[in-house]
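What follows is a pair of forms of the same protein chain, given separately as structure tokens and numbered structure 1 and structure 2.
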Structure 1
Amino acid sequence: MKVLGAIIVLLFGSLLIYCTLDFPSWGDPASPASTHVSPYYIENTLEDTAVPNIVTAVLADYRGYDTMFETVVIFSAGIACFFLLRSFKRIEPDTRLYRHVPTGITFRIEKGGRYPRESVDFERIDLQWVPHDLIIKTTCRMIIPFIQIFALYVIAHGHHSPGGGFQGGVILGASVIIFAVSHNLRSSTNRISEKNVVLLSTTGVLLYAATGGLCLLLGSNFLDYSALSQIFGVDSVTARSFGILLVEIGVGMAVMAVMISLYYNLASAGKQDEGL
């Protein structure tokens, strides 16, 4: 089976390399992209979409299909990693650690032994627990809201300045990971659970596709945002700008959720119980 797989990979790899012979030379000013596509984007983006950021306009409007399927690829990769990494077999550890919150004293409870009820006085902690530094925890709690506000700004303002859904989604995901690292995995999953992460990633992809489907219902082409002018009550050019914002929000949600899901499973060996 391994030999067959290697042969298939070599055949397809050779085919792809052969196809590159038809590509124009690197940096060729006479290539079709340089003589037709790029000049049109540069000269007409602002007029067509009311979006000063040409990169965002190309990704979310002119190449909206490509970006939608890029989002689907990220979502599919996240689902694949979930099934590869997630451990659905719940194994109770032989021992559990608890910390008495008022005093900070930790103690170990053997499997089958009596343990205190989890409450405000007793906190269950990871078996590989290391006392967290008060300065690090406090600093992270102070800066995480600002990181998230900046991420929302990057998503909302990505079509007017550098940024967008991919960048903003990564920053949002990183803010949750910072919280999990500075505190513990359980504290993070209590705030945004595995179920919510899956729902967010699915909602992000569906929001992108639903925006295109809404354009179809309004009598236009899929992802032709100018049709949204009937809903927003603006001209078709401004409607394309609003449509770009909608799909960027969907991309941001999907990227953020996939990042968080990957961290949850990697940090806990798929158990999402004990971990960093």
Structure 2
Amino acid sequence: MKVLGAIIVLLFGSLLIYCTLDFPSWGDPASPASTHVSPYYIENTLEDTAVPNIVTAVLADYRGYDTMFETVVIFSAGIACFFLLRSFKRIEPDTRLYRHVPTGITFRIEKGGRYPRESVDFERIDLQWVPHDLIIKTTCRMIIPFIQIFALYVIAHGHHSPGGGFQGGVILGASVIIFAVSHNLRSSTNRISEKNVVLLSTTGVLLYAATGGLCLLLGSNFLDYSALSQIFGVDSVTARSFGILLVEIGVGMAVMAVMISLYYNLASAGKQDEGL
């Protein structure tokens, strides 16, 4: 099997390397990929959309349909993960562990015992031993707000610098995942519950589709943002740039929520009570 696989891979690789001899050389401005439609994008983006970042303009305006269904793909990946793993049967464990934070003493309470109320002093911890990491918790608490502000900057400034909905959404999702890793899954689901995460991802996809539908209602084509000039009261070129921003916000919400939902389901194998 190993030899067979190696032979297949080597044959395939040598065929591909043989094909590269016909390729245009690296960095050739006259290569086929750079000659047909891409010069149009580069030369006309600013007149059409008033967005200096050509990648953002192509992503959300010229190829708006593609990006919309890309968002739907991500959304359906989150839904698929949910349906594959999520189990709603709640099996309450026989014992619970609580930690008295000021002293660091861990209590083991059997079933039928009286559980302490969750407070600053008492925190419930997972049945696998969770060490009390003061440094990790404090560091994460300090850097998470900055990560989130940076993510919002990446989404909002995607018109003028590298960035946009996908990147900012992933960074926002990562900030919540860092919180879940540094504390535990339960405290993260207390902040952003599973229901809110699914609602957010749906809202993101719907915001994208609704922007397109709004253009349709205003008498233009689907996802033709120039129709939004009637609402915003600006000229049609600036309206396109506003439309791109709306769409990017939708993408950011959907991507963030799907990343969190994937983490919640994968880290706890669908039970969402205890995890990493």
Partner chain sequence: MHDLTLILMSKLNYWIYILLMMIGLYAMIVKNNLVKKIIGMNILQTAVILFFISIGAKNKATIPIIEHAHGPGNHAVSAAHYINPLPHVLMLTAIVVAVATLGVALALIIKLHQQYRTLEEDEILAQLKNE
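Owing to the predicted nature of the structure, the values given are computational and were not obtained by experimental measurement. Rigid core (definition): largest C-alpha set, two forms, superposition within 1.5 Å. Numbering runs along the sequence of structure 1, starting at 1.
With both forms of the chain shown on their own, indicate which is the form predicted in complex with its partner chain.
Here the form predicted in complex with its partner chain corresponds to structure 2.
Could you tell me how many Å the Cα atom of Tyr18 shifts between the two structures when the rigid core is held superposed?
With the cores aligned, its C-alpha sits 18.1 Å away.
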